[in-house]
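One chain comes next, on its own, written out as structure tokens in the form predicted alone.
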Amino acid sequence: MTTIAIIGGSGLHEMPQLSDKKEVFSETPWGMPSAPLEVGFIGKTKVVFLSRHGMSVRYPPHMINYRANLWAINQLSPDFVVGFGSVGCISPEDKPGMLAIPDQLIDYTWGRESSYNCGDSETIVHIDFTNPFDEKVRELLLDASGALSYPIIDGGVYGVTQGPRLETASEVDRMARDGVHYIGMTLMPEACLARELNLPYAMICQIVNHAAGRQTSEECIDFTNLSEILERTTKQSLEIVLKASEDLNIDELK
């Protein structure tokens, strides 16, 4: 039986479509995760769901307990993990309402606990982070989006900012020079912690706005239509992940 884990972002706080759902309260060596894990089924797929920002309390990106979140998910041994994240886009060819599966990242955050290495061991674990996403999971998601006829951007660089404020136009210009395509706040340290735990991880980005100083956001960020775009793209992202789980050959991930 396939088990997948989904980390919900700003547009996905709960999954009422899960059958036989139960909540799992997982205290970890790193504290409590953002919310109880929801475990249930969609069809024949076992789904582990975690609301990244919490439920009763809404944690801003820089205050999320990423270590507890990934540790709790790992205890349930999913075959792969997909994070959802709403982003702004820099490139003129990318538009709000599109989906993207990045293949690289640049971390602009600071002060976040980004490793399970705490200096209490005789050895230091160095992970290879040349390619920060699991390529086989990326391919699964890309194939699933094609089967569903959902246009999706293959690749691109996700720039992770500290938040919770949005960026200045000059900061976006700098990130554009760095080669960034999408700007969000929650990918790191989520991705590197998944790698430390050997969890196959990828992210689906829901593009909800142009980045500050670009196109429709040239003067300011217009929040008017963001919720509608986020709802639609999150629904599509969920369908893609579930389709990927249906088509999964476990041996292909090994």
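All residue numbers refer to positions in the sequence shown, first residue = 1. All values derive from a computational prediction rather than experimental measurement.
The protein also exists as the form predicted together with ligand HPA; that form is not presented, and the subsequent description refers to it.
- Within this chain, S51 is remote from the site of ligand HPA in the predicted bound form, having no heavy atom within 4.5 Å.
- Using a 4.5 angstroms threshold between heavy atoms, G184 counts as touching ligand HPA in the predicted bound form.
- Taking non-hydrogen atoms only, T161 approaches ligand HPA to within 4.5 angstroms in the predicted bound form.
- For I204, no non-hydrogen atom is located within 4.5 Å of ligand HPA in the predicted bound form, even though that partner is not displayed.
- Segments offered: 84-92, 123-131, 142-150, 97-105. Contacting ligand HPA in the predicted bound form at heavy atom distances within 4.5 Å is 84-92.
- Contact annotation: of the candidates I229, I221, L197, A68, the single residue with a non-hydrogen atom within 4.5 angstroms of ligand HPA in the predicted bound form is I221.
- V208 is the sole member of L193, A35, V208, V47 with a non-hydrogen atom lying within 4.5 angstroms of ligand HPA in the predicted bound form.
- Heavy atoms closer than or equal to 4.5 Å to ligand HPA in the predicted bound form belong, across 151-176, to the residues T161, L166, E167, ordered by sequence position.
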